[in-house]
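First, one chain by itself: the form predicted on its own, in structure tokens.
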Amino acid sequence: MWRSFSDSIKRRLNCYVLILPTIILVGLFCYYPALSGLYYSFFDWDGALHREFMGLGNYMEALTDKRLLWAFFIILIFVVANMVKMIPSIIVALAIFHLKSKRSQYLYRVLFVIPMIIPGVVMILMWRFFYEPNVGALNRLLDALGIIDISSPPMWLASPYLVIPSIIFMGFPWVGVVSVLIFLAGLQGIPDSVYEAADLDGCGAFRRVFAIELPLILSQVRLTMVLMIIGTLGGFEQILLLCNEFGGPNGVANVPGLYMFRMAFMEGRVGYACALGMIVFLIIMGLTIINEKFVRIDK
């Protein structure tokens, strides 16, 4: 038995040698920071010299931190909004898929890949200029339509009542580049035999969308939803660039990622920020498990 196991190792030695650098790099840059974050979450640590063991003190403080609870409430609003914003991507993917010309389908796929070249920071800054109260395109458009008076323009990113709707409106018409390509790949993977059977049953185009195509791309919908939840819960750069490090006026747009950033790099409470990161990780894992359980795919 041992000899058989040894021969098996020798036969696969080249494979192990090839994947070893990848394992080392993933462990060094992914798992080690995560494990060190878990370790320091039990300490009152300033990121440098001061380090005092607190046990579960950081976690107990987080459970009663009103600013953190508000941040999770705001992020819940963004998650729900982003779920709704997935619908236009599905509609566009269906429209491209049903184009009769293969050349046109290829052209639209290329057009959706090109925006991926533009850095995300540039897109956020463009939207920030779009919301600029005096020279921004939005207020100038509303003024031209007679909806507002440009002499007293609405402060989209400086008003506690407008900042959340403004952030949600970003990216209109909400056609995600990556989402469209993922959904389109799922649609193109549907076997022709399924459509042939649908035609024999007299299935019309409208019914075919809801009875065949949407159910068969649920795996892509689930993948996109998981990526969206992870990106929404962990992201904060959008609000940091649009508003400020405090989450806009009165901190109304504060989110967990931004709160962690402020605790770690502005208030020097790195240990508490690590504890917040662990809480966000547990929430993301829980939502992912729920998504895997309830967004079911019948093979």
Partner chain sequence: MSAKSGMKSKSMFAEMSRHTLILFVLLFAFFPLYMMLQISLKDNAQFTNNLWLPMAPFHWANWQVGWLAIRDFIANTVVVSVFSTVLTLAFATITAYVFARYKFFGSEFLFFLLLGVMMMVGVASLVPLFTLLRDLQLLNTLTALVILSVSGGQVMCVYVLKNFIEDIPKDLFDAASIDGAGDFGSIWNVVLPMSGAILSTLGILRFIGTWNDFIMPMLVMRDQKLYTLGIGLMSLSSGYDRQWGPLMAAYCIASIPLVLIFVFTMRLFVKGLSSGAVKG
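Throughout, rigid core stands for the largest set of C-alpha atoms superposing within 1.5 Å between the two forms. Positions refer to the first chain, counted from 1. Every value quoted in this text rests on a predicted model; they were computed, and no experiment measured them.
Beyond the structure shown, there is the form predicted together with the partner chain, which is absent from this document and is the topic of what follows.
S.K.: Within 4.5 Å of the partner chain in the model of the complex, heavy atoms considered, which of 150, 113, 214, 81?
M.R.: Result of the distance check: 113.
S.K.: Though the partner chain is not shown, can you say which of 118, 194, 76, 158 has a heavy atom within 4.5 Å of it in the model of the complex?
M.R.: In short, 118.
S.K.: Hey, in the model of the complex, is residue 72 touching the partner chain, heavy atoms inside 4.5 Å?
M.R.: No, residue 72 is distant from the partner.
S.K.: Does the partner chain get within 4.5 angstroms of any non-hydrogen atom of residue 26 in the model of the complex?
M.R.: Close contact exists here: in the model of the complex, residue 26 approaches the partner chain to within 4.5 Å, heavy atoms only.
S.K.: Taking the partner chain as it sits in the model of the complex, is residue 108 in contact with it (heavy atom to heavy atom, 4.5 Å or less)?
M.R.: Output for residue 108 is yes: heavy atoms within 4.5 Å of the partner chain.
S.K.: Any of the heavy atoms of residue 200 lying within 4.5 Å of the partner chain in the model of the complex?
M.R.: Close contact is absent here: in the model of the complex, residue 200 is far from the partner chain, nothing within 4.5 Å, heavy atoms only.
S.K.: Counting only heavy atoms, which residues in 203-235 are within 4.5 Å of the partner chain in the model of the complex?
M.R.: 220, 223, 234, in sequence order.
S.K.: Quick one: once the rigid core is lined up, does residue 26 have its C-alpha move by 2 Å or more between this form and the one not shown?
M.R.: It does shift by 2 Å or more.
S.K.: On a rigid core superposition, would residue 50 pass a 2 Å threshold for CA movement between this form and the one not shown?
M.R.: After core superposition, the displacement of the residue 50 C-alpha between this form and the one not shown reaches the 2 Å mark, so yes.
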